[in-house]
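Just the one chain here, the form predicted on its own, laid out as structure tokens.
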Amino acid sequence: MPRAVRERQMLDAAVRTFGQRGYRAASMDEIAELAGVSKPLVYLYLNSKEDLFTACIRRESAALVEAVRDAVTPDAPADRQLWDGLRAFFAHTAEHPDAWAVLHSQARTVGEPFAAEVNVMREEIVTFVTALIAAAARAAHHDPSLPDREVAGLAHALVGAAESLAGWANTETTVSAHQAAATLMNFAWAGLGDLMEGRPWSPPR
């Protein structure tokens, strides 16, 4: 069997095991058995449990970012771009719950260096969302200074909300990915729409 195929089997088994049992509880014996290989072969290919977990994080991060980017049409209206991106995000996390558990729960709670690996993925998504909101705001206002003051915080808030909602939606069997995406879209776009139309909220004096 080609090395790439064998390695993919090991990573598939590792993501399932880490996602369902947690990093600390998961064993290399368990992962090797699920992959249908010997434990020494897992070590030969991926060196250590830490390196295996890091490889899982990197693979699943890349897959999630790719799913979101591929779903968005750059020339579409801003609300359509955001909707397509959110729908892809929630569809991917729903279809790959073990992978999302690795990224959202396990990597962050285990600590460094794994949390840093997830932050790389998160920053890439935040940058993507920032550019989307900035372009929409510029088109609405013709004011290039507005995005610099507002969109970074909005992008971080939106990504954080999506992460939290995906974690919740994956535990609620009655909530579909489409419903989760629509919930966040309705919550976010009302405020973003007002901002882009020159009606930002201001606290009472």
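Position 1 is the first residue in the sequence shown; the rest follow in order. Keep in mind that this is a model prediction, so the values were computed, not measured.
We do not show the form predicted together with the DNA, though everything after this point is about it.
- None of 34 to 42, 59 to 67, 161 to 169, 176 to 184 except one has non-hydrogen atoms within 4.5 angstroms of the DNA in the predicted complex; the exception is 34 to 42.
- Residue 28 belongs to the set of residues with a heavy atom inside 4.5 Å of the DNA in the predicted complex.
- Taking non-hydrogen atoms only, residue 6 approaches the DNA to within 4.5 angstroms in the predicted complex.
- Remark: residue 156 does not count among the residues lining the DNA in the predicted complex, judged by a heavy atom distance of 4.5 Å or less.
- Along 48 to 65, these residues reach a heavy atom to within 4.5 Å of the DNA in the predicted complex: 48, 49.
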